[in-house]
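Next comes just one chain, in structure tokens: the form predicted on its own.
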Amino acid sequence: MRIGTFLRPALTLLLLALVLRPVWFTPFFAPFAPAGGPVIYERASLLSLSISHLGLVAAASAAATLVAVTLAILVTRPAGAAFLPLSRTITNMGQTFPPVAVLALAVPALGFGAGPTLVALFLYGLLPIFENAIVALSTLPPATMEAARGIGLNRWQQLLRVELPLALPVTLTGIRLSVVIALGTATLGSTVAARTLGEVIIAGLLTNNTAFVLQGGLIVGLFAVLIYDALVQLEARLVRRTGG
């Protein structure tokens, strides 16, 4: 769902204000805070938590995209078609195990902090990218592929100059879904001491402070909506450019 032209800058300004000047929203959150308790989360900078949160999502999504697209390229080649079942099993791992279970299993090996969170986000983000990339690479226009062969492009040139650019819009749909899922799932990383916006939400739950929960949830929600919208716009531009 794309947000309106006038709503987009309004939501962007709201997000910036919540992150940079949260004290402005004290009257809004005050009714949800316990009597005599803090209204605005001040144990850590919301800006630093937001940057750390987005950094984890970006790193995990980039790694998931690289692995998922590479696997999709492999299994859509005649020589690699036999590996499709194995590749599907690998990319389904993140969906089979809940993120909390992945975090719990990763902590003994990686310790507390960003490591387990990156593993969970990476595994959880593989499937949508992989499946969309397979669809994109398997449904390329036959006439276009024949023309590419006709002008003398070898297999690598066809892949890099024709197949991947044509497959990009559909692949980007999978990346968009993966990123939005990761934005929400990353909040769980704070349960294993990763610096994410989940720290604000968890602090609210532990102290029965609904104001903190609303503050953290609203910031994460706005990030998800705006990033989703930005990727939808990018996808639409790519479709127009490729004539899809």
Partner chain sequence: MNAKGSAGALSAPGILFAVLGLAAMLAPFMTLAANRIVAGDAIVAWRLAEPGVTLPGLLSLAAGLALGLLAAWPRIRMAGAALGLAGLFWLLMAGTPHLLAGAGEYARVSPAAGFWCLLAVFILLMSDALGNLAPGPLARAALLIAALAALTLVLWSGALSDLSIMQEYAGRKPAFIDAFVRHLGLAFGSLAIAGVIGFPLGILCHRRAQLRGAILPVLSFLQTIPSLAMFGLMIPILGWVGQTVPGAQSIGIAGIGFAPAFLALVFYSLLPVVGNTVAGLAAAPPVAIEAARGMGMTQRQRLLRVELPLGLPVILTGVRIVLVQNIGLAVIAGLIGGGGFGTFVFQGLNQTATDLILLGALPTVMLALVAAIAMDILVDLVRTTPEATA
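Numbering follows the first chain given and starts at 1. The term rigid core refers to the maximal set of C-alpha atoms that superpose within 1.5 Å between the two forms. All values derive from a computational prediction rather than experimental measurement.
Separately, the form predicted in complex with the partner chain exists; it is not shown, and the next lines address it.
Original post:
With the partner left out here, if you bring back the partner chain in the model of the complex, are 83, 187 and 221 all within 4.5 Å of it by some heavy atom?
Top reply: Spot residues vs the partner chain: full contact, yes.
Original post:
So, in the model of the complex, is residue 213 in contact with the partner chain at a 4.5 angstroms heavy atom limit?
Top reply: Yes, residue 213 sits close enough to the partner chain in the model of the complex that at least one of its heavy atoms falls within 4.5 Å.
Original post:
Applying a 4.5 Å heavy atom distance criterion, does residue 108 contact the partner chain in the model of the complex?
Top reply: It does: once the partner chain is placed as it appears in the model of the complex, residue 108 has a heavy atom within 4.5 Å of it.
Original post:
According to a 4.5 angstroms non-hydrogen atom cut-off, is residue 225 in contact with the partner chain in the model of the complex?
Top reply: Yes, residue 225 lies within 4.5 Å of the partner chain in the model of the complex.
Subject >> Close approach of residue 154 to the partner chain in the model of the complex, 4.5 Å, heavy atom >> reply: So residue 154 does not count as contacting the partner chain.
Original post:
Among 68 to 76, 135 to 143, 98 to 106, 161 to 169, which stretch has residues whose heavy atoms lie within 4.5 Å of the partner chain in the model of the complex?
Top reply: Stretch with heavy atoms near the partner: 98 to 106.
Original post:
Among 47, 59, 205, 30, which has at least one heavy atom within 4.5 Å of the partner chain in the model of the complex?
Top reply: It is 205 that has a heavy atom within 4.5 Å of the partner.
Subject >> Core-aligned C-alpha movement of residue 91 between this form and the one not shown, 2 Å or more >> reply: Yes, the C-alpha moves 2 Å or more.
Original post:
Can we say the CA of residue 137 moves by at least 2 Å between this form and the one not shown when the core is superposed?
Top reply: Stays below the 2 Å threshold, so no.
**OP:** For residue 165, decide whether the Cα shift between this form and the one not shown is 2 Å or greater, given a superposition on the rigid core.
**Re:** Comparing forms between this form and the one not shown, the residue 165 CA shifts below 2 Å.
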